[in-house]
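In structure tokens, one chain follows: the form predicted alone.
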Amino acid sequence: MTLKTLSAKAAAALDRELMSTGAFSIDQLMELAGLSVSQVVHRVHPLSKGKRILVAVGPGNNGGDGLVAARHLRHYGYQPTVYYPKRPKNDLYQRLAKQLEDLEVPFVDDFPTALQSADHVIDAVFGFSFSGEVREPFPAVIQAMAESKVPVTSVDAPSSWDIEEGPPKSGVGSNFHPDVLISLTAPKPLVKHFKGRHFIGGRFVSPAIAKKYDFDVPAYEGVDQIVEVGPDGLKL
């Protein structure tokens, strides 16, 4: 059995459907996504491995997932730090940032320096809607993650990777291979190029929507929002 994947176009359509006929708000979807990201980090990097989590946050929904994950990790007892260079004026993102400020989570301007004292990194820069070139200031961020020995968990897609084709053939991100990937809702085609630990998060999809978009909802256990899957798509 091979893992069924969602193209970028299908993933965008699925998001729209979840927020229309599915009756979810963007806030809810972001909260659930960020919660699942935080559970993956707790699974692969328990507190005993070090509390300092550096979250690289992009300007879109992927970044919003990272902000939510940082909040949950702070409540779990970690010490998250957030790099958020391009803040949208959007009310939702401003509220997510304010929630972190109220928890005294520091925001930093210098990613490479912050990386030197991090135990784990969350890559929440670009998600499934990314295409084209990586714009400043993110090339240096992706390069720093690629060259660092600090383990990286990427949210939905390793930043800079093509959603269908995987890592770029040259330039920014061509040598970026994160340790962990959490696919949100369903994996994207790039997973065939990914060699690390792979999780799926998205314990909110109705059977009808999964059937319509032709992907499998994994069997989540207990209160888990995540499932670890092998390269064949079978649960580990």
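The shown structure was predicted, so the numbers you read here are calculated from the model rather than taken from an experiment. Start at 1 with the first residue shown and count on from there.
The next section is about a form of this same protein that is not shown, the form predicted in complex with a further copy of the same chain.
Three-residue candidate spot H45, S154 and S174; no residue lies within 4.5 angstroms of a further copy of the same chain in the model of the complex by any non-hydrogen atom. Listed stretches are 186-194, 164-172, 36-44, 55-63; the contact stretch with a further copy of the same chain in the model of the complex is 36-44, by a heavy atom cutoff of 4.5 Å.
When a further copy of the same chain is considered in the model of the complex, A12 lies well away from it, no heavy atom lying within 4.5 Å. Using a 4.5 angstroms threshold between heavy atoms, R71 counts as touching a further copy of the same chain in the model of the complex. Within 4.5 Å of any heavy atom of a further copy of the same chain in the model of the complex lies no heavy atom of V82. At a distance threshold of 4.5 angstroms between non-hydrogen atoms, L103 is in contact with a further copy of the same chain in the model of the complex. Within 4.5 angstroms of a further copy of the same chain in the model of the complex, the stretch 85-107 places a non-hydrogen atom from each of R95, L96, K98, Q99, D102, L103, taken in sequence order.
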